[in-house]
Structures are given as structure tokens and as C-alpha cells.
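Presented as C-alpha cells, the chain that follows is alone, the form predicted on its own.
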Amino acid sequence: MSLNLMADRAAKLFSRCFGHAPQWIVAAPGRVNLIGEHTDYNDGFALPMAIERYTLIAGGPNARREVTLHSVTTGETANFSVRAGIERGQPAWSNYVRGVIACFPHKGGKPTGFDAVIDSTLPYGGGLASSAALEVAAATLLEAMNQRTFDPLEKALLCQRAEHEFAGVPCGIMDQFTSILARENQALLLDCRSRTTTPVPMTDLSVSVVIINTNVRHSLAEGEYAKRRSQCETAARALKVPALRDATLATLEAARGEMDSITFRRARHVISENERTLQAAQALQASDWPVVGQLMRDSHTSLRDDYEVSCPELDAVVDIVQSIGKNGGVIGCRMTGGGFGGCAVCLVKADAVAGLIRAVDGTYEKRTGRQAAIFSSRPAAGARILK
């Protein structure tokens, strides 16, 4: 669904819910990470791009000093006061918006009430940054309401803080940064230490980005994400470096006796993934597709075996796509996102996309008993105010 159609649908629903047209409509894209997984909170490198799937919010002010949020996706409505301090509450997805409101420096120092309809074409829990898109859309709405524009880094940090404090996920900054700063037809090489981005053109129309949703929903707040982050911090202390970004595979091997085998493998993934990401950015720029494909395959193996964040369904998708092979137009495939479910990302020759979709559709269901959702996307632009 195009953004214009989404905006029309949200505006009509807002009018039905609240009796008048919305004053603002904003949108923020999700993202797919081509390579560079679980590196962002280790001060490392990632290579994401925004996708043509969005979270959109239609909003308007009210005089009640309350916020009412209606989700088209879940059919749920959240209502809470902004007269006093904002606290966590139900439904759970509302905490992403509550957190942004609580962290936002409002005009006059106090948040005002508003009504909103939230619509999204992003799968929740699919590893495509649906939570970051909701946070960034909420922050963009508040920018419009307060007639101010944040520096992109300041805005990303605000959204990250909201996720830490209200959703309980100690995420890195990649998702929020991408949703804000992404550009059409470009991936972003993100340096998570300096928080700078280098655009990597993706203008070759002969290659498509295909995203395969396993329809296994992950829940990063249940502790595995935080556990991996803690293990990385333990490894960095053993290596006597500020973060794993500062280590090499040689220094890790030399310090193998300073950590248990699990911590060693977690560190090996992060260190090798940083190397793969920098190599992939160069290869992508040069359209060196065999190198890009091999780096993607190596990334999935490392995430599966060393970082242990894949799952049988993700492994099945990657295995099916890899079996189609170069003769079937496949360049590379890997899991993307936090893991434990969600999506795989594939680079595929554009004229082979339809055949790949047919092959994955039937085989995946036979192997797992689930149906996959498959779509392709060009690199999209970041968050924007539509009205």
C-alpha cells in the first residue's frame, strides 16, 4: 500500500473515531539490515536500509490533557493522562509512544493532549524495526505539534531512550537512526560509535532486496537480547577494550582462556561481523555481488552458531533460498534483525524474484507448517510529515 493510500485510510478512520479531520499525518519507515547484526550496541558497524513499509500516525489536539491512541493493526485503544508523570501501561505497544512523550522536551515544559490513529504495514516482531518506526513516527508527530525540528541524532537518542526505559529493551541506535536518516536508493553504513553514516548507493535495478517473514514472532524483552549484550560487555572487559569494536580476532584468540566458551563465541561473532560489514559496504559500492553474497552467508552462519539468535524457521528459509542458488538468481541470504524469529533478507536478481517467491512459498510451508510472507523493497527515505 502506498503512503498516500495509507494516509487517506488513516485520515478517514481518524474522522470516524474523533469526529473531525486530523491536523497532522506523519510516517516513519521500517528497516532491513543487509549485514551487521548485534554490532550496534558494541560500538560497531551496520549496513541497514529503510524499506517501503511504514508506521503512520494521524493525529489531532484535544483539550482533555489526555492521549488516546487507536491501533488499526491490533484494534486496541490506549488512553492515558498527561497531567502528571507518564507511566508504563497497557496495551504493551503503547509504551513505545508513552516513552517518546515522556522523554520529549515539550513546548512550555508540559505535554498536551492529543488523539491519534496508528496504522502500519510493518509486521510486529518481524525484525524490521516496527518498534523503532512507531517511536520515530511518534517523535515526528510531536515535532509537528510543538513546531520544532530535532537534530537527527538527538531525535534518535530520544527514541532509543524511550525503548530502554518504557519497553525494557536495551537496544542500540541502528533502527531509530535508519528510520530517521535513510535516503532513497541508498543503504547507510552506520558507525555506531561516532554515530555517523556513509551513504552506499543501491541504484542497480537488476538486483532486488527480498524480505521473507517467517511469521515467527520474537520478543526481545524476554531477556535473550539483554543476555547477549551482557555477554559482550563481559568479553570486552576480559579483552581490556572499551567495546568489542576495538578487538580483533587475533586478540580474541589470545585471550580465549580469559572467558568461557559461550562468551568467546559471542565475541567472535561481533568481531567478525564488523569485518564483514565493512567489506560488504565496499563490495556493494562496487556491485561485487559474489563477495556480497558470501559475506551474507557467513553472517548467517555466525549468527546461528556463535551468537545463537537464529531459529529453525529462519534456518529453513536461508537453506531453501541457498538451495535455489546462483542459477536461480540468488546472490545471498541471511537472517536479519534481533533474531529468534522474524525475517530473512535476500539479494536476488530482479528477473528471478517471482520464481524465488514461488519456490520459497511452497517449500517453507512443507518444512515448517507455516506460511511465509514475502515482499521486495527498494531503499526508502526516512521519516516525514505528510500533513
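Here the structure is a predicted model, which is why all the values come from computation and not from measurement. In case it trips you up, residue 1 is the first one in the sequence shown, and so on.
What comes next is about the form predicted in complex with a small molecule, which is not displayed.
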item	value
4.5 Å heavy atom contact, Gly342 and the small molecule in the model of the complex	no
Any non-hydrogen atom of Asp43 within 4.5 angstroms of the small molecule in the model of the complex	no
4.5 Å heavy atom contact, Leu239 to the small molecule in the model of the complex	no
Distance check, Tyr225 to the small molecule in the model of the complex, heavy atom within 4.5 Å	yes
Candidate stretches 165 to 173, 71 to 79, 290 to 298, 101 to 109 - the one whose heavy atoms come within 4.5 Å of the small molecule in the model of the complex	165 to 173
Contact assignment for the small molecule in the model of the complex, among Pro29, Gly59, Gly337, Pro48, heavy atom within 4.5 Å	Gly337
